[in-house]
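In structure tokens, the next block holds one chain alone, the form predicted on its own.
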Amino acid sequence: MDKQSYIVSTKNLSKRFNTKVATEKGWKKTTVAAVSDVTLDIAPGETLGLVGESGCGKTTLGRMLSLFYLPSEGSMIIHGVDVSTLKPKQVKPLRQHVQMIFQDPVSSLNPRHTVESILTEPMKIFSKDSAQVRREKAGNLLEAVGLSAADLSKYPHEFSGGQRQRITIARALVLNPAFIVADEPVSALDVSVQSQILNLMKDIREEFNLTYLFISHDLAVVHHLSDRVAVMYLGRIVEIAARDSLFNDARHPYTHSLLRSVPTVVPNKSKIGRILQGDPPSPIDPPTGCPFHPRCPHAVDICRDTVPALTTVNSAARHEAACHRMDDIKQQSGGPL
């Protein structure tokens, strides 16, 4: 597929932030690489799951792809336009094609505005529709997400958490976007409500011809919704593959550690003692070489000196992993770790 045919296509995408750190002599200016050298493509109609520990850069990458942040380096093609070549003012017309669903539906909805105001405000900015047309569209979208057009006059506090998240989903749809970034959209909800929202997201993906980047800590949720999965560690993609290929034949030690950490109703004794220990390194002072090597039981000298590149594991499954020892580990174990 041609790069321009993808909804999202990035190459060597990086984002750095200026910050200050405390030293013996006072505060020192430095930069933090929140996202480093990310290359990925998302096809129309596809859902790419993005997983990793807190602080690994998932939200920063999501905010870049939803046009909140412009890249520090690399290229980022969104809806056929290379955003990395644009000035901030030139990005505005693209925003109608990319929307975001936030983690917390309470803080993402203005408590002083009615649902009608929340849903019609984006239409006032990007369309010339009359107030009546905007109201009708808002009502139709509420019904599409399982609410009622009669709810337009209500305020966010009059709804439950799951209903508020349905409103945020409706708001993400008002401009007919091609691409939606969903950042932990069900983590703040009860388990019983999570499944309803996930099924809703699957339904509207088909109905509205949407493409998703779905960010989550929950691998079970990612498995339910995603077509492909990318694993992120300390700002880098360390493995990416079709969902079943990654879950059944993961090649990166970090991916294995995430899979082993998934809780089950009946504990699996084979997991005991093999769950990843410790915390990720600070992005302010990242390790040399492979960012995972300080926590990896398979690390050797090359891991400490050289950053591994994403290497094809299975071309049919678009499976790539960034590990110097993935073939050795596979042979030693005779299968998944």
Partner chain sequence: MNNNSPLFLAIRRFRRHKLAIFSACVLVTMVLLVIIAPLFEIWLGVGANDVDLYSRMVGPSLAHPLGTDELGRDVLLRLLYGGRVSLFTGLTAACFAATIGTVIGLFAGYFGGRLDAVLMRLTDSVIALPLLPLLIVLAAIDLNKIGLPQAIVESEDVSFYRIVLIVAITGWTTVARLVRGATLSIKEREFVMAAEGVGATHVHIMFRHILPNLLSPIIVAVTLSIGGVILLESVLSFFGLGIQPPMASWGNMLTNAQQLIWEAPMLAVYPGLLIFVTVISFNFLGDGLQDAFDPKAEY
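These numbers were taken from a predicted model, which means no experiment stands behind them. Positions refer to the first chain, counted from 1.
The same protein also has a form predicted together with its partner chain, omitted here; what follows describes it.
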In the predicted complex, the one of 104, 227, 249, 151 near its partner chain [non-hydrogen atom within 4.5 angstroms]:
104
Under a 4.5 angstroms heavy atom criterion, identify the one residue in 202, 223, 113, 217 near its partner chain in the predicted complex.
113
Taking its partner chain in the predicted complex, would 95, 109 and 157 all count as contacting it (heavy atom within 4.5 Å)?
yes
Taking the partner as it appears in the predicted complex, which of 62-70, 43-51, 279-287, 292-300 has residues with heavy atoms within 4.5 Å of its partner chain?
62-70
Can residue 131 be called a contact residue for its partner chain in the predicted complex at 4.5 Å between heavy atoms?
no
Counting only non-hydrogen atoms and a 4.5 angstroms cut-off, does residue 136 reach its partner chain in the predicted complex?
no
Is there a heavy atom of residue 126 no more than 4.5 Å from a heavy atom of its partner chain in the predicted complex?
yes
Please run the contact check for residue 122 against its partner chain in the predicted complex: heavy atoms, 4.5 angstroms, yes or no?
yes
